[in-house]
Ligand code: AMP
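Below you will find one chain, with nothing else, as structure tokens; this is the form predicted alone, and questions on how it binds or moves follow later.
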Amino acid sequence: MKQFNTIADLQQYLNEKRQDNAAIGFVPTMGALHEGHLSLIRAAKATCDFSVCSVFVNPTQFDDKGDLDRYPRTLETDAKLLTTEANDVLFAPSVDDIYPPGLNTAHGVDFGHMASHMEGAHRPGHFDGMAQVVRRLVDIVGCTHLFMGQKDYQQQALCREMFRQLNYDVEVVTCPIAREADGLAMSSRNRHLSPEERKNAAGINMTLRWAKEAATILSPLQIIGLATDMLNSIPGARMDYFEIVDGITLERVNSFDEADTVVACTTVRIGKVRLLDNMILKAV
């Protein structure tokens, strides 16, 4: 695996690959890699001729500087994990390289309601920062495919919308959520749970699986009400939101007949840890 820390070195190398019309699969990460990230690398390797993974803790998507300071930085371990998956290139740039003084790196997209609710309502400015860095990295890498995890459902939907508005020829490939044995979605945040909190966190996936079964007999509004009670009854838990939305527009649906794809999205705080998860309730 090649590792590059500057844009110039990375692009010089990738330009040689592009001469062979290689399909380049890109996996943007903030490091602290786990099985969920590695599953994206495998998907990129299976789909494309060449895989690139970035490790960059993006300061513009943190609304809390404390969260930014606490975010784990494990580049050496990440590099070893990527090598085991035969990833082709690791890109680990500095903040100054991604956001050089004088360069306009705004994403230039109006997301409207898509970015203002669910995570957007609880993390002001987060999605602007996310879209900013994804556009910047995609411009740098020049990928043909972008691989993202379903766990951050709202994020991947916004990236699809961004590329649509910008008319980018980049295919967004959404990969299934990687889960622990008890169903908890894999996340770098899980390491901050105490043993008791970790046990209780399994209730999030249990609630989502119940919602999927209930979708055959109950309305979205009924499921939201009952799921809210179930999540708030988890010991030590506090639900930020539970929404059932159109999988493309992210608008709340009142009936499962309103959209081809319907997704239940939630974030639950257990102790001091915010845990995201979702479940596709309907897909055509």
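Residue numbers here begin at 1 and follow the sequence given. What you see is a predicted model, and the numbers here were worked out from it, not measured in a lab.
Just so it is clear, the following notes concern the form predicted together with the named molecule, a form of the same protein that is not shown.
Student: Since the partner isn't included here, can you check whether the named molecule sits close to all of P28, L40 and I177 in the predicted complex (heavy atom within 4.5 Å for each)?
Tutor: Every listed residue reaches the named molecule in the predicted complex, so yes.
Student: Using 4.5 Å between non-hydrogen atoms, is D152 touching the named molecule in the predicted complex?
Tutor: Yes - in the predicted complex, heavy atoms of D152 and the named molecule come within 4.5 Å of each other.
Student: Can you tell me if M148 lies within 4.5 angstroms of the named molecule in the predicted complex, counting non-hydrogen atoms only?
Tutor: M148 belongs to the contact set for the named molecule.
Student: If we define contact as a non-hydrogen atom of the residue within 4.5 angstroms of the partner, is G36 a contact of the named molecule in the predicted complex?
Tutor: The answer is yes: G36 has a heavy atom within 4.5 Å of the named molecule.
Student: Looking at the partner-bound form in the predicted complex, is Y71 within 4.5 Å of the named molecule by any heavy atom?
Tutor: It does: once the named molecule is placed as it appears in the predicted complex, Y71 has a heavy atom within 4.5 Å of it.
Student: Can you tell me which of 92 to 100, 79 to 87, 191 to 199, 169 to 177 lies within 4.5 Å of the named molecule in the predicted complex, counting heavy atoms only?
Tutor: Only one stretch passes the 4.5 Å heavy-atom test: 169 to 177.
Student: From the list M186, M114, V109, V138, which entry has a heavy atom within 4.5 Å of the named molecule in the predicted complex?
Tutor: By the 4.5 Å heavy-atom cutoff, the listed residue in contact is M186.
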